[in-house]
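Here's a solo chain for you in structure tokens, the form predicted alone.
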């Protein structure tokens, strides 16, 4: 199957239903298909091997996803937050290509003969014109989407998602036409992230109205929810933290909002508990997924949230900090370094298997093992009931004198202190131990805590080897736009400090 089938089904079943809302602009599913098919026809005549997008959230994103599918080429959304040099290096890797830009991003692209630039306004200008008859190629193994990773340890890798991977995810997790006519989802994640792509595909399959917000800001998010009668939304933990801080102690006046999903980073337990009080009518879902798995592979559902929040049993209450259980379409295992499958409460590396799992990179090939398992490079463990708890990336592990130390458990200990609002733990160089524990701390407004006090807090809860050797206080921690703390930035600060001290 080709993902273009998703739009075909929506347009044929509910062609007059609004598909996308962006500011004052509205496009129906029938109009969305016209735009995608007309662009696809143009792509077929251009000779482009890729359709790229360098844009904020706009209707051009869903048009481009489906246009590339109709044309039988890969869709490549690019990160508009990169530097000009980084953007053009990525363009070098996908040329010849057609690239959709807006007036601001056009200025970031070097002129070249093998890249055709299309203005977003021109792509969206033909919704009222006659459709172009075009059939999407039926090759489930063809590449549908190519996503560049963040490239934190080198040049970005190009993750490959094939039509069969994305369709496996959609069919396995979404019911066709499940949305009511008045349902709407607020989309704030950027189009170059897998969450942005899955939002388009899953919303189209459900025939749900997509309300786009170019940039996140708490008051704008709340206003858009109220104005468009939003029923569903997906946010990252840092967004939810800013929303609850903006609301203070007043419950949100959003009676239409029924479901709020979050993911992309670690959610502080205090934040989700507070959000559940401020949004008492809302079903909360924690969704864990990766680019290489076509999005979500584990879910902590609304009933799990309520059961954990109401429980006096610490083993159940801590599940608010888990990512739930595997979805029906995948299998998840936790293994040690030697490949042995671990039991409950044993921490190791998380592996996943299923039809939606690509685990493939351009030029590097498939990373699946002989049995189809993909190493996520996330560390974690399960409890006795199968709830999965994540414990950071494998690359984040601190090796102190040969002992592996997970930053996550130390961060949890620090966050238990009443004065701590946020914490990030990283490795710093140490002559005696090789690596030592270091922590960056954000204190709550008006609160105070000393380094010695925080060190003692960790010592009381964990072994002495887990106590941070160095602690710095910051106004805020560095996060990317998806709520992942940039540990490499914090780590570099400690490395530089150690170099100066030496």
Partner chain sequence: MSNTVLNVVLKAGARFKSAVCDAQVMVIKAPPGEHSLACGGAAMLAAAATAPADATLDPALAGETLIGKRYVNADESLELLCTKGGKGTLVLDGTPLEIKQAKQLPSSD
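Residue numbers count along the first chain shown, from 1. Quantities reported herein were computed from a predicted structural model and do not represent experimental measurements.
Keep in mind the form predicted together with the partner chain is missing from the figure; the text below concerns it.
Undergrad: Could you tell me if residue 86 has a non-hydrogen atom within 4.5 Å of the partner chain in the predicted complex?
TA: No.
Undergrad: With the cut-off set at 4.5 Å between non-hydrogen atoms, does residue 234 touch the partner chain in the predicted complex?
TA: The answer is yes: residue 234 has a heavy atom within 4.5 Å of the partner chain.
Undergrad: Do residue 12 and the partner chain come within 4.5 Å of each other in the predicted complex, heavy atoms counted?
TA: Answer yes; at least one heavy atom of residue 12 falls within 4.5 Å of the partner chain in the predicted complex.
Undergrad: Is there a heavy atom of residue 75 no more than 4.5 Å from a heavy atom of the partner chain in the predicted complex?
TA: Result no; residue 75 lies far from the partner chain in the predicted complex.
Undergrad: Between 238, 285, 291, 269, only one gets a heavy atom within 4.5 angstroms of the partner chain in the predicted complex; which residue is that?
TA: Selected option: 285.
Undergrad: So the partner chain isn't shown here. In the predicted complex, which residue out of 372, 96, 265, 172 has a non-hydrogen atom within 4.5 Å of it?
TA: Of the candidates 372, 96, 265, 172, 172 is the one lying within 4.5 Å of the partner chain in the predicted complex.
Undergrad: Spot the stretch among 238-246, 215-223, 197-205, 338-346 with residues whose non-hydrogen atoms come within 4.5 Å of the partner chain in the predicted complex.
TA: Selected stretch: 197-205.
Undergrad: Going through 344-364 from first to last, which residues have a non-hydrogen atom within 4.5 Å of the partner chain in the predicted complex?
TA: None of them.
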